[in-house]
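Listed next as structure tokens is one chain, alone, in the form predicted on its own.
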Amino acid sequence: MRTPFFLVICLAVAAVVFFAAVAVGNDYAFFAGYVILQYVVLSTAWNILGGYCGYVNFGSAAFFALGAYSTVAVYKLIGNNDLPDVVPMPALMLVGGVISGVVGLGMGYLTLRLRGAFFAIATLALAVVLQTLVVNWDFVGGSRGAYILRSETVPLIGPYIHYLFLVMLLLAVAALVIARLIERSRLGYGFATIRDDEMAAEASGVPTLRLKLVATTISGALMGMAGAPFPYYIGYLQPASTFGLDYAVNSIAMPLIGGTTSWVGPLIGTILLGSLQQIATVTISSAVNLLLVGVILVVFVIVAPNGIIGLVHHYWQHKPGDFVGRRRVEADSPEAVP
């Protein structure tokens, strides 16, 4: 399937999802859907570096927070005006993506010479450093937080939450298209060589450092774009809202549950785990979300270590009928030993 055709299919599905949410007639569908779509972007972005390249990144919350606080900074610079009417949301997302992408490039240049657990610890340290800076930066609210005013409605769309849902839906489509395009390109093949055996790839002439820098930049930019609309979703932004453990854990757990070797894995994992979390939030409490993530992740590590995609591939490769057919062919072959 060619990329333009895939993009058309994704946009068609996105249109169906949007109008289905409108047909529900309950704004909670948009609030919950926004969170799930936000995690679609985060898990897909994490998978570009963590799944395709094999470099585990614990700094997802840091890039998400960069996007969110870049929006707050622009809001403060404008002068607390009605920002949705002054700076459109796509422009704010672009600003957040550029800032997070530049930080991702810098982080990659400083840390990608590390491997394994050392790289993961370095990304975690980045999140701690950025959180400390934000907490002590009074311009964006510091530890007190910052209030964000927004319009009640958007022309031609309706309530503002509908607008945020639509924006995040389009960003999720863009993230999936980018991930699929990378997976099927020379860039994706280069990422796969790094994941399989980086030393062998370097010996074969693959520019591993350059490829990893590309991965950190794209991954960081997408995470920053996912965080840019968040201040308008939550209304009051504080460091604990963006640097929370939820973003770091979910952005890793969702691709692992769905499967990290394909663009569709993070999507499946996010829909499954994100929907369960929203149901648990309504029926039980939001406090059980991380417990739910931990239990499901442990189950999948034991039952399906390669995720749902790996489990499906294993099933199709070892179907009973195929096994019987292979045994019959082997028995009828001239080389078969009586």
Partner chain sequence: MIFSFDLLVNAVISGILIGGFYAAVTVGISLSFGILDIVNIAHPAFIILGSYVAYIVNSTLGIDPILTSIIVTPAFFVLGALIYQVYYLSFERRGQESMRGLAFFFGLLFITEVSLVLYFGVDYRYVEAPYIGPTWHFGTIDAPLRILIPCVVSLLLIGCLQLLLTRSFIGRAIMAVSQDALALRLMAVDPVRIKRIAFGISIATASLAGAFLIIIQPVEPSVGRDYIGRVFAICVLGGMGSLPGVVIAAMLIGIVESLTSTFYGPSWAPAVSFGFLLLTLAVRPAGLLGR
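Positions refer to the first chain, counted from 1. What you see is a predicted model, and the numbers here were worked out from it, not measured in a lab.
The discussion below concerns the form predicted together with its partner chain, not included here.
Colleague: Would you check whether its partner chain, in the predicted bound form, lies within 4.5 angstroms of a non-hydrogen atom from each of A14, V22 and V312?
Modeller: Negative, none of the three is within 4.5 Å.
Colleague: Taking the shortest heavy atom distance, is F58 within 4.5 Å of its partner chain in the predicted bound form?
Modeller: The answer is yes: F58 has a heavy atom within 4.5 Å of its partner chain.
Colleague: Is T217 close enough to touch its partner chain in the predicted bound form, meaning at least one heavy atom pair within 4.5 Å?
Modeller: It does not: once its partner chain is placed as it appears in the predicted bound form, T217 has no heavy atom within 4.5 Å of it.
Colleague: Taking the shortest heavy atom distance, is I271 within 4.5 Å of its partner chain in the predicted bound form?
Modeller: Judged by the heavy-atom cut-off of 4.5 Å, I271 is well away from its partner chain in the predicted bound form.
Colleague: Taking the shortest heavy atom distance, is Q278 within 4.5 Å of its partner chain in the predicted bound form?
Modeller: It does not: once its partner chain is placed as it appears in the predicted bound form, Q278 has no heavy atom within 4.5 Å of it.
Colleague: Please pick, from I308, A29, I36, L297, the one residue with any non-hydrogen atom lying within 4.5 angstroms of its partner chain in the predicted bound form.
Modeller: Selected residue: L297.
Colleague: Only one of V95, L124, L213, L181 gets a heavy atom within 4.5 Å of its partner chain in the predicted bound form. Which one?
Modeller: Checked against the cut-off, the match is L124.
Colleague: Would you point out which of 127 to 135, 219 to 227, 183 to 191, 148 to 156 contains residues with a non-hydrogen atom within 4.5 Å of its partner chain in the predicted bound form?
Modeller: After filtering at 4.5 Å, what remains is 127 to 135.
Colleague: Quick one: which residues from 224 to 258 get a non-hydrogen atom within 4.5 Å of its partner chain in the predicted bound form?
Modeller: L245, D246, A248, V249, I252, L256 sit within 4.5 Å of the partner.
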